[in-house]
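In the form predicted alone, a lone chain appears below as structure tokens.
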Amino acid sequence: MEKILSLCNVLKKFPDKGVVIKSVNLDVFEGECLVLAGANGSGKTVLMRMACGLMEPDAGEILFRGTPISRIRRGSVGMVFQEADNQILGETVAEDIAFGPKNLRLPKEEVQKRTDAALSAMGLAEKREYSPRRLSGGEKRRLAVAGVLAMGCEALVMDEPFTNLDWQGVRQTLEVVSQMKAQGKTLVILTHELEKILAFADRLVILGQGGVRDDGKPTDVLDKLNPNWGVRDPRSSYATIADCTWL
């Protein structure tokens, strides 16, 4: 598989927290579903915000298809934030999806085409004139994904996608993951709730204390899991990794 994202010796520090990311090396391959796990505060969100070009590293390099992320068209790597409400910018569902393509200064006809396609893909066509605030938690996640897709992203990062969702909302979010995976979209899922998503993972990466602790096939990583990493092996409750989904 071709590398779509490469993080090379990436370091990030903050005045009040010190070094949060310590010389991380990580490749993301086209078409894979990578689950990035780690305890709260392990640096998952900071690392992926840099990968999406939303934050600059203090050292190291981030490449998208071999080109520095700073020189890539905005939206090539899209991020769905942990709090979906923070991503809502339009007065209606359709306006919210169109916001990104409009900011890319695409022709009106292309904005309309992308908006319609994203509405259809995420099952929101019948709610195009709804206020986004009227949507359920799971529908807001789908709306956020639709907005990212409308921008033409090639890779999608989802930050703690199950936060504050009920059972139905989790299932709606997993349906989106399943759909994107079936279409060959590159996915990076940041979560500590492995029991909900691991069945979809091609790779499992554990981040802890600012660095990559393990990286490989989910079974291999879990077989060597260190309790100090703050990640629970879901196989204590599920028979196999294939059962680790709420879908």
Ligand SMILES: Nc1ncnc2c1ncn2[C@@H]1O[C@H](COP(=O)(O)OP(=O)(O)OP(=O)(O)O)[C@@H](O)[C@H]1O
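Note that residue numbering begins at 1 and tracks the sequence as displayed. Predicted model only: the values in this text are computed from it and were never measured.
Note that the form predicted together with the ligand isn't included here; everything after this is about it.
Stretch 44-52 is the contacting one of 195-203, 212-220, 44-52, 58-66, since its residues have non-hydrogen atoms within 4.5 Å of the ligand in the predicted complex.
Just one of Cys33, Leu26, Ala39, Met180 comes within 4.5 Å of the ligand in the predicted complex, counting any heavy atom, and that one is Ala39. For the chain shown alone, Glu139 is not a contact residue for the ligand in the predicted complex, no non-hydrogen atom being within 4.5 angstroms.
A residue is said to contact a partner when one of its heavy atoms sits within 4.5 Å of a partner heavy atom; Val20 meets this definition for the ligand in the predicted complex. Although the ligand is not shown here, in the predicted complex the stretch 143-161 places heavy atoms of just one residue, Glu160, within 4.5 Å of it.
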